[in-house]
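Just one chain follows, in the form predicted alone, and it is written as C-alpha cells.
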C-alpha cells in the first residue's frame, strides 16, 4: 500500500489532561467494546425506566443497558425486577414486545418458562419421555431449576426511578450519584407519584458520548439554538451554575430564565432572531412551580446513559442506548406528576415540543452530533479542543466554560486506563 492509499494514522492522547480528546475516542471499535464493559456492565448504575411505566403486577418494559436487552418487570408481589432478555437454555432473546403484561415469560424456541422474578419454573421433557416401556432423554440427574434462571440484575429504585446493574458489587445508588447531584435528583423526583405523558425515539449517527457532552456543554445552547437565545430559555447572560460529582462523571447545568431580547451576548450571534415572533405563544406559557426553588432549568447528566431534563415546565428522561461506536438510540420519556392539574399537564405537553427528535430545539443537537461524527471519521489524527475557561475540571458559576466535558473525560481516562 503506497502513501496515497494508506489509511490515516489515529492520534493518541498528547498529555495527562482531558481538554484535547483524540477523534479516535469516538470511532474506535476496540475502545467502544471496553466502554461497554467498564461503564455499562460493571461498576455503574444504569437507568431502565420509571416505576409508573409498570404500574400493575405482570407489567413489563423491554429496554437496553448498553447493548444488552433487559426486561423491567413488576412481579405478582409488587416488587420490581430487572432480568436479562436471554434464555438460559440456548441464548434466545425471548421477549420481543416493548411493553406488555404477562403471568410469566416463555422462550418460544424450547418453551423454557420463567416467573416474573427470572426464576426457571418449568421446561418440557425435563424427565424425558416414556416410550416402549422405558424413559428416553431428559435432563441429567443433577439438573436443578434454581441453577438455570435468567440473569438477575441488581436493582435500585429511588422516588419512582429505576436503575439496574449487571455488577452485584456496585456501590449504593446514593453513593454513586454523590450528595451534590443527589440533591438535584431529589428536587425533581421528590416522592410524588409520576405520570408518563408519552415517548419519543430517535436514532442518531454519532458516538454515544457526544450526547453526554452535549448536555454537559453550556457553551453551545445560546449559540446553536435560536429558540434559547431569542426567547431567553438559555443564554450566557443568565445566572447559572455548573455542578459535578466528586468523580466528574455526573453533572448538573443550572440556570434561571430571563426575558431574552437583544443584549451584549446576542451581538454577532447568527442564531439570535430579534424579530422572531410566535403565531401561538402558548409554548412559552411558563408557570414557575414551587419545587423549582429558584432555577427554571436543571439539566442532569448521569453517566453513562441518562439525562434528566427540567426545562421550564417540561420534564423528561432521555435514555442513551449505544449501538456500536457510530450510532446510538435516544429514547425520551416525557412525564409529569399524578397531581398535576389538567392545565399543567397540557402545558408540559406543549413545551415538550421544544424537545425530542423533531423538537424546535433538540433537532439541532442531533444534526450537529451527526456532523461531528463525520468529521471524526474524516480526520482521525486530530483531537477536539475543549479549553474554554481553561484546562481544569470541576464546577463553575457561569456558562462560558467547558469544564464539565473535561471532568467527564478525566473520569473516562481513569476508568478506561487510557
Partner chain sequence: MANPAVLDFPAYYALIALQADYAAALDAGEWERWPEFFLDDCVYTLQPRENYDRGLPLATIALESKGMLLDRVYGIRETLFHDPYYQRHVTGLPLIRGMEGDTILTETSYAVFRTKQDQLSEVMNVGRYLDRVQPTGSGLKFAARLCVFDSEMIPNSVIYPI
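Positions refer to the first chain, counted from 1. Please read these numbers as outputs of a predicted model, since none were measured by experiment.
There is another form of the same protein, the form predicted together with its partner chain; it is not shown, and what comes next is about it.
> Pick from 362 to 370, 29 to 37, 378 to 386, 43 to 51: which stretch has non-hydrogen atoms within 4.5 Å of its partner chain in the model of the complex?
Answer to the contact question: 362 to 370.
> So in the model of the complex, does any heavy atom of residue 391 sit within 4.5 Å of its partner chain?
Taking the distances in the model of the complex, the answer for residue 391 is no, it never comes within 4.5 Å of its partner chain.
> Does residue 209 reach its partner chain in the model of the complex if we count a contact as any heavy atom within 4.5 Å?
Because no heavy atom of residue 209 falls inside 4.5 Å of its partner chain in the model of the complex, the answer is no.
> Even though the partner isn't displayed, in the model of the complex is residue 116 close enough to its partner chain, meaning a heavy atom within 4.5 Å?
Result no; residue 116 lies far from its partner chain in the model of the complex.
> Give a yes or no for residue 197: in the model of the complex, does one of its heavy atoms lie within 4.5 Å of a heavy atom belonging to its partner chain?
Contact with its partner chain, yes.
> Just to confirm, with a 4.5 Å cut-off on non-hydrogen atoms, which of 126, 239, 130, 346 contacts its partner chain in the model of the complex?
Only one option qualifies, and that one is 346.
> Just give me the single entry in 103, 256, 96, 201 that has a non-hydrogen atom within 4.5 angstroms of its partner chain in the model of the complex.
Contact check passes for 201.
> Is it the case in the model of the complex that 278, 350 and 358 each bring at least one heavy atom within 4.5 Å of its partner chain?
Result yes, every residue of the spot touches its partner chain.
> For the stretch 40 to 63, return the residues whose heavy atoms include at least one within 4.5 Å of its partner chain in the model of the complex, in the order they occur.
Heavy-atom contacts within 4.5 Å come from no residue here.
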